[in-house]
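This document opens with one chain alone, in C-alpha cells, the form predicted alone.
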Amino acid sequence: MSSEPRFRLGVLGSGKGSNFVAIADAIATGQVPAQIALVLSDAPEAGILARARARNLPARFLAPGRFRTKLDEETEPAYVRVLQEAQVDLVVLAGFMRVLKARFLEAFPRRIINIHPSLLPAFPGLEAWRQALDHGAKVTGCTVHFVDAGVDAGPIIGQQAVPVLDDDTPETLHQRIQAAEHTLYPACVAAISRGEVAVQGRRVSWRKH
C-alpha cells in the first residue's frame, strides 16, 4: 500500500448530495485517486451530511450566517478555517447554494470547482434546464468549472452534452442532466487529483502523465 499522501477533497453541499455520492463511489472503486477529508453543509438536515456519515466520512453543519444567498463576513472565515484545518487540496461544490466571495476565493485560488447543469456560457444561474427548454435548445448538458467572482463564469474544465428531447419536461431533462453530471464530475476531479489539469488564463487543458 502506498504511503504517499492522498489528494484531499473538501465537499460543500446544501441538498441531497447526489454528486457527492458519485464522487465518493468513484473514489471507493479507485477511479478517483483522492480522499474526502471533510463534508460541510450550510443546512443542518441536508441529505449530503447523512450520506457522508453513512460512509464514515467527517461531516459537519456550519451555520451560514444571516444572508440567504451568501456567507456573511463572520461565517465565511469560519468555513475557510475549517477547510484549511482539514488540509484540503481542492474545494468541491456539490449543490452548495451560496455565492462565495473574495476572501474564500483568495484562500483557495484555482482550487474551487463547481458543476452547473448547462453547457456554459449558455444558461447560467438557477434552473438552467428550464432555461434550456424555454429557449427551445436542442442540446444542453453540464459543465465543471473553476469558481471565480462571476456567476457560473470561471474557466471551464469539462463538459458533457445532453440532447433535449421533443417530449422533455423540466423534470425529465433535469434527471438526464444529473446522470451526465455523475459521470463528468468524478472524471474532472480525478484529472485534477492526478495533476493533469493546467490553466492558462481562461483556457484549461488536460495533460496525461
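Predicted model only: the values in this text are computed from it and were never measured. Residue numbers here begin at 1 and follow the sequence given.
The same protein also has a form predicted together with a small molecule, omitted here; what follows describes it.
With the small molecule left out of view, the stretch that reaches within 4.5 Å of it through heavy atoms in the model of the complex is, among 130 to 138, 100 to 108, 78 to 86, 113 to 121, 113 to 121.
The small molecule in the model of the complex is not approached by Pro186, whose heavy atoms all lie more than 4.5 angstroms from it. Taking the partner from elsewhere, Glu181 is found to have a heavy atom lying within 4.5 Å of the small molecule in the model of the complex. Contact annotation: Asp152 falls within 4.5 Å of the small molecule in the model of the complex, judged by heavy atom distances. In the model of the complex, at least one heavy atom of Ala94 sits within 4.5 Å of the small molecule.
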